[in-house]
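In C-alpha cells, the next block holds one chain alone, the form predicted on its own.
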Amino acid sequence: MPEATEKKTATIAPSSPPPAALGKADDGSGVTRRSFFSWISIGWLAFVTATGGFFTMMLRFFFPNVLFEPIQTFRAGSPDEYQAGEVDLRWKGKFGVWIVRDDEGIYALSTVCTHLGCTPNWLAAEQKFKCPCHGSGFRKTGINFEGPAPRPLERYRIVLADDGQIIVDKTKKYQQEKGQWGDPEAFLKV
C-alpha cells in the first residue's frame, strides 16, 4: 500500500517580509500606497477648488454693480412760489438744492460744502449757511466768507419751462471763481 501521505507545510523564506509589513516601504519611512494616493487626491482637490474659485471671480465681471442715482433734473414750481429775500429749503433733502430769490433773480445753490462735502445748514437769524463739520460760512448768495471752504457754493442750471415752471438741472454746474455765475442759465431773472 502506498505510504501515508506526508503533510506539506509552507515555509516562509527568511528574506521575504512578514505579512503584516506588506505594503510598507522598505526604507522605513512609513509611507503606504494608501497614504500616497490620499495626498495626491488632496492636491487635486485643492487645484480644482482654486481653479473653480478663479473662474467664479472671472464670471463675476459679467454682472456689474448697478448704481441708481436720484433724478438730476426736476421741476421746482412757479417763480411766484418763492418769496424775495428768502431761502427755500424744501428741495434740500430730496435733491440737494436750495432755491434762493433775491434782487438778482432766482438761483439754485448746491447743498454741498466746497471744503469737504458736508451739508451746511441755513441759519435764518444770521442770514447765512453754516457748515457743521468745519465751520465754513456762506452768504445767502453762496459766497464763502468764513472757515476753511476754499470757494463759494456751486450753482445749478435753472431755466423756465414753456408752462412757466422752474426747471433745475443738476448736471450743469456754475462756479463763481470761473466767472460762470453771470451765465444766463446760472440764475433766473424774474
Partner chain sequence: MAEKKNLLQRLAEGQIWTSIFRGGGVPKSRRQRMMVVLNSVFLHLHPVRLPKHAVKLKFTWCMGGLSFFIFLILTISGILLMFYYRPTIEYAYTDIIDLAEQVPFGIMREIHRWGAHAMVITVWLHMFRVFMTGSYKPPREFNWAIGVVLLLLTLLLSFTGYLLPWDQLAIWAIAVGSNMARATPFLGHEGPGAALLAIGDINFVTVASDVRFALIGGRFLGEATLLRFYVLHCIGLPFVIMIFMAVHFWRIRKDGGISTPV
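The structure displayed is predicted, hence computed values, not measured ones. Each form is matched to the other, and the largest set of C-alpha atoms that superpose within 1.5 Å is called the rigid core. Residue numbers count along the first chain shown, from 1.
There is another form of the same protein, the form predicted together with the partner chain; it is not shown, and what comes next is about it.
Contact annotation for Ser110: none of its heavy atoms lies within 4.5 Å of the partner chain in the predicted complex. Residue contact with the partner chain in the predicted complex: Gln72 places a heavy atom within 4.5 Å of it. Although the partner is absent here, Gly117 lies within 4.5 Å of the partner chain in the predicted complex, judged by heavy atoms. Contact annotation for His134: at least one heavy atom lies within 4.5 Å of the partner chain in the predicted complex. For the partner chain in the predicted complex, the listed stretch (62-70, 49-57, 159-167, 34-42) containing residues with heavy atoms inside 4.5 Å is 62-70. Residues from 144-180 that approach the partner chain in the predicted complex with a non-hydrogen atom closer than or equal to 4.5 Å are Arg151, Glu154, in the order they occur in the chain. Relative to the superposed core, His134 undergoes a Cα shift smaller than 2 Å between this form and the one not shown.
Core-aligned CA deviation for Ala161 between this form and the one not shown: less than 2 Å.
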